[in-house]
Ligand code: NDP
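The form predicted alone is given below as one chain in structure tokens.
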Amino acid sequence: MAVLQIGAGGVGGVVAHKLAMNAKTFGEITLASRTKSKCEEIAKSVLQKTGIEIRCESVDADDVDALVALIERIKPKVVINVALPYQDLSIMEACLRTKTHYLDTANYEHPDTAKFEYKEQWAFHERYKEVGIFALLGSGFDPGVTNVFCAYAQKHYFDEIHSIDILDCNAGDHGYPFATNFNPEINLREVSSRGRYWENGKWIETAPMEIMQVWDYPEIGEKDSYLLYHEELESLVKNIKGLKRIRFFMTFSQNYLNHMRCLENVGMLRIDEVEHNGEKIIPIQFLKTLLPDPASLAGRTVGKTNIGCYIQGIKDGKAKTIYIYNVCDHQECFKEVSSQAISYTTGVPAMIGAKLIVEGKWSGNGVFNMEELDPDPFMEELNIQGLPWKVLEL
């Protein structure tokens, strides 16, 4: 048995540690990235914490031929893609050519348009089906665990689900005037985009940060939460039957928003090329080099996250409301795998998805989103692997 992980950022570090902690399931673990030294740094930490050795390789995730050569050499049961969302399609293509199962944590985003959607990944479905391989899309937390929460609620708590509000609260404090908790380029593109939610059969678009609500998060308290568009909405609209409305909210401090608006106003969030001293640069990529590396936030971030789904519907003819959620402590994550909670809550579900594929508990021919599969084994693994969940019946 072998498994190949592509990507050695903050989330990649968590995935590698958790794969090693479940080495009896995964067998030989290989970690690959464009920069091999990043893999080697993670491998050193993994060895110190778990006693498990993992192999390190260098690969350009944009180069399909190089990916194919690496996959054919390692012959993994599954490829775990925790590289950049821009590289989803090349890695999916390499898995198709080598007839290897595929998993990622975030849907494809074109580097030139700042638009993320499943269309181009769903287009692989028939070809994956023809060669008999399985692709699992969005096995992070949101998307990922939130999709499974909805499927679990649909299976066990409701006859009909009418509305879902996905709530993402990070109450961690890293001490910097401004920093992002995951890849700055991806984070700032997502947050500064127009909002969108689905209601009564149609998508409704909003200005960035136009809609704010105060939600009371268990173990954290009341926080200003802003409506964003998030990718799991696109698949949940397809797969949760009877749904009348679905929205996504994320917490931001006024300090974060003030910094972001200032950067946007002066053009630092632009994704097109500009000329600077005779060189072509992309402002948001330059900004990324100035901001703290999200992986560096791990040891200094204190506080908790609360991510969950507020779901309303009908059970046995009566109105019913539940909140199903996880609370994660930044410092506890650091003690276990040297990461902050944002990377942890994405990396652990990626490992769990891969574990269920390797064990044959999740399978199929084609391309699947998380909510299309039986939620029970995934929910069981969350409790085992460090992301315990609770259900409040309200």
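Don't overthink the numbering: it's just position in the shown sequence, from 1. Nothing here was measured: the structure is a model prediction, and the numbers come from that model.
This protein has a second form, the form predicted together with the named molecule, left out of what is shown; the following refers to that one.
Participant: Looking in the predicted bound form, is the named molecule within 4.5 Å of a heavy atom from each of V3, A16 and V79?
Facilitator: Contact check failed for every one of V3, A16 and V79.
Participant: Please run the contact check for A106 against the named molecule in the predicted bound form: heavy atoms, 4.5 angstroms, yes or no?
Facilitator: Within the cut-off, so yes.
Participant: Classify Q312 as contacting or not contacting the named molecule in the predicted bound form by the rule of any non-hydrogen atom within 4.5 angstroms, answering yes or no.
Facilitator: No, Q312 stays farther than 4.5 Å from the named molecule in the predicted bound form.
Participant: With a cut-off of 4.5 Å between heavy atoms, is Q87 one of the residues that contacts the named molecule in the predicted bound form?
Facilitator: Answer yes; at least one heavy atom of Q87 falls within 4.5 Å of the named molecule in the predicted bound form.
Participant: Do L287 and the named molecule come within 4.5 Å of each other in the predicted bound form, heavy atoms counted?
Facilitator: No.
Participant: Select from the listed residues L228, M92, A151, A83 the one whose heavy atoms reach within 4.5 Å of the named molecule in the predicted bound form.
Facilitator: By the 4.5 Å heavy-atom cutoff, the listed residue in contact is A83.
Participant: Considering the named molecule in the predicted bound form, which of Y197, F124, F182, F134 comes within 4.5 Å of it through any heavy atom?
Facilitator: By the 4.5 Å heavy-atom cutoff, the listed residue in contact is F182.
Participant: For the chain seen here without its partner, which of 329-337, 22-30, 360-368, 56-64 has a heavy atom within 4.5 Å of the named molecule in the predicted bound form?
Facilitator: Heavy-atom contact with the partner occurs in 56-64.
Participant: Taking only heavy atoms into account, state which residues of 36-52 are within 4.5 Å of the named molecule in the predicted bound form, ordered by sequence.
Facilitator: Residue within 4.5 Å: K38 only.
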